[in-house]
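One chain is shown next in structure tokens, namely the form predicted alone.
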Amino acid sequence: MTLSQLEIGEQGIIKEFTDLEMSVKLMEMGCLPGEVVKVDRVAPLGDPIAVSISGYQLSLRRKEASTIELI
């Protein structure tokens, strides 16, 4: 399952990334393997999504969220 597949209020634990280039950017923003991530909000048209991770909110495009594999 990927982060982009979660509904509002659902959470998961980051397992790995499927895109090497994107993974570097995501890790710099605090998306590290083992971190719990929760979907807080979704924009009216479905993109972007707001997630909580490491005590702060982060806005991600669906394409970016689809590269994050969850446990």
Partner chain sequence: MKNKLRVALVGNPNTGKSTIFNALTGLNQKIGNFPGVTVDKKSGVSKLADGRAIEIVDLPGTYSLYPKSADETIVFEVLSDKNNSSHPDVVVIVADATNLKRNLLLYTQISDLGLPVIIALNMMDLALKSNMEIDVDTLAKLLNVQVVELAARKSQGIEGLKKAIEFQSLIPLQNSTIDVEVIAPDLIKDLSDLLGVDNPYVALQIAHQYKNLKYLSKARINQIESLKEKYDFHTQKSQAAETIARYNYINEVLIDTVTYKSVALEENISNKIDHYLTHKVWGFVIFIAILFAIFQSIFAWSEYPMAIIETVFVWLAEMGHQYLPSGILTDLLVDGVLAGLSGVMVFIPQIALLFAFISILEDTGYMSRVTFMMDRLMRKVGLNGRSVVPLIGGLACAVPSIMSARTIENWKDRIITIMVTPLVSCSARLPIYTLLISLVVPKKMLLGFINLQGIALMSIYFLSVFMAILVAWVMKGLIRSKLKGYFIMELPVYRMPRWNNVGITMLESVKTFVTQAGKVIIAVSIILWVLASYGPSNKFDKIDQKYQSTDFTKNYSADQIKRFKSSEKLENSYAGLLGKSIEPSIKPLGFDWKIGIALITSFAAREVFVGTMATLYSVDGDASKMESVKEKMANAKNTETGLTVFTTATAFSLMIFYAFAMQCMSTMAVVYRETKNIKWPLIQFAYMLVLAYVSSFVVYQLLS
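Remember, predicted model here, so these are calculated numbers, not experimental data. Numbering follows the first chain given and starts at 1.
From this point on, the text means the form predicted together with the partner chain, which you will not see here.
> Might residue 25 be said to contact the partner chain in the predicted bound form, defining contact as any heavy atom within 4.5 Å?
Replying inline: Contact check for residue 25: yes, within 4.5 Å of the partner chain in the predicted bound form.
>> Check residue 20 for me: does it contact the partner chain in the predicted bound form (non-hydrogen atoms, 4.5 angstroms)?
In response: So residue 20 counts as contacting the partner chain.
>> Would you classify residue 49 as touching the partner chain in the predicted bound form, given a 4.5 Å non-hydrogen atom cut-off?
In response: Within the cut-off, so yes.
>> Contact with the partner chain in the predicted bound form for residue 14, defined as at least one heavy atom pair within 4.5 Å: yes or no?
In response: Taking the distances in the predicted bound form, the answer for residue 14 is no, it never comes within 4.5 Å of the partner chain.
> Within 41 to 68, which residues have a heavy atom closer than or equal to 4.5 Å from the partner chain in the predicted bound form?
Replying inline: Going through 41 to 68 in order - heavy atoms within 4.5 Å of the partner chain in the predicted bound form - the hits are 41, 42, 43, 44, 45, 46, 47, 48, 49, 50, 54, 55, 56, 57, 58, 59, 60, 61, 64.
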